[in-house]
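First, one chain by itself: the form predicted alone, in structure tokens.
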Amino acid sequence: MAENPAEERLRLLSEAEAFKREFERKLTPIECLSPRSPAVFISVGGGELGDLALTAAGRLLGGANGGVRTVVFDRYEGFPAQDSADAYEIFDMLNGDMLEEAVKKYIPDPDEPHAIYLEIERVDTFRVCKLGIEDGYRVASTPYGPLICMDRHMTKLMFDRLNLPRVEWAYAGSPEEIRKAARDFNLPVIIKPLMTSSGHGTTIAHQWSDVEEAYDFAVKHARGKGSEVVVERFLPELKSQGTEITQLVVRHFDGDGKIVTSMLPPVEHRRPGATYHESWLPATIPEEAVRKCQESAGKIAEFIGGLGIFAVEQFYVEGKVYNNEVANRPHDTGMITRWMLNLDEGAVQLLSTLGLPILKRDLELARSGVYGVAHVVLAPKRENHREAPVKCWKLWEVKRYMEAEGYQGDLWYFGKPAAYPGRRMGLAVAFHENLEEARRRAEEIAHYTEDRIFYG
């Protein structure tokens, strides 16, 4: 970044807006899938969100024999999507040279049908952007999309450029600058890394003595490089009088071969801390709030352009909607779509980015009369805070427990080979016509499952 970070980011936003028009003119739908020359879908990152997209190629399209070859990159052996893909590579994705070499290995000709999906934030986004701009690779949503959405400073500047309502925020490069922002906003404040995912590195500073520790924690746990953070005004009324929404929106080809912007139903979620904990469909917010959420999400998607899903995190408090963050990809809160929509968010990402058609009914609720709640299954906290390998887990006992309790639901075990304290190991799901009962049941299934995973 240049000496003035805001000016450099504003320049990139202007470039992105101009580039979008040129980029979209070159996008064409895939009219014929061929096993002799399959389209290539690369997921840069192979966690559960990568796995959800990659498995859709086999579930919906027949995989490589149906004309779509899947490839995934990640940094450690045994990552969740490793067995789902037709090919995989293991390396540090912050290494731009290795990343470019791997992309060109599987897509030697960028004129052939393909899409590159950045599932993880721990990646050299500038190098990927360069591959799209200079070499013509189809980076989803556009080559600039990951740059904008993985950089919280640039995301906030985009909100201001589009005149979207958002929480007050400030940029900080040191504990002193955080203290200045805290004096302006009043304590507590939320301190976040510029680049992260799933809330990693985020802290709420309740008192002045927390500020320096929160800054160090944010920098240490950032998914990218640098010492910059974002400071946000804390909304104390959010938990007591509001709720959180993830508005998923997708840019895709419709049945007539035209790029359109479509809304998925808003996902509602809550978290006791900074990281994802539970989410559900359908959301309980009023129709006017849904309209406001979708209006903002649509403006964001159409500003960045291209093809693929955007996940817009929003706060709804006393009739007001505040835009908070944007992911240029499927979102962890949206994993409940696997059970509640006709097409889950991974399938929507795969189809849209490759240039395959998506219809209105694909994005509609698949279940009526019930709430579907997803609750995280977490690895236990340990005194030594060390990572431990998974020894075994007892699916039989979990299913027997659900049956004995009369719970309608499901369990998605991610298959991570080892766990640090608090790592997300799976997702427990429950269905019920009463939301609070569905939440209670999903939480019970999750906690029961946590005791049936053994480490060491």
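Values in this document were obtained by computation on a predicted structure and should not be read as measured data. The numbering used is simple: start at 1 and walk along the sequence shown.
Below, we refer to the form predicted together with a further copy of the same chain, which is not included among the displayed structures.
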| query | finding |
| --- | --- |
| Among 173 to 181, 157 to 165, 362 to 370, 283 to 291, the region lying within 4.5 Å of a further copy of the same chain in the predicted complex by heavy atom distance | 362 to 370 |
| Contact at 36, 66 and 389 by a further copy of the same chain in the predicted complex, all three, heavy atom at most 4.5 Å | yes |
| Partner proximity in the predicted complex: residue 61 to a further copy of the same chain, non-hydrogen atom cutoff 4.5 Å | yes |
| a further copy of the same chain contact in the predicted complex: residue 101, any heavy atom under 4.5 Å | no |
| Non-hydrogen atom contact residue 119 with a further copy of the same chain in the predicted complex at 4.5 angstroms | no |
| is_contact(residue 106, a further copy of the same chain) in the predicted complex, heavy atom dist at most 4.5 Å | no |
| Proximity to a further copy of the same chain in the predicted complex, single hit among 83, 212, 237, 112 (heavy atom within 4.5 Å) | 83 |
| Partner-contacting position among 254, 216, 302, 295 - heavy atom within 4.5 Å of a further copy of the same chain in the predicted complex | 254 |
| Members of 286 to 322 lying within 4.5 angstroms of a further copy of the same chain, judged by heavy atom, in the predicted complex | none |
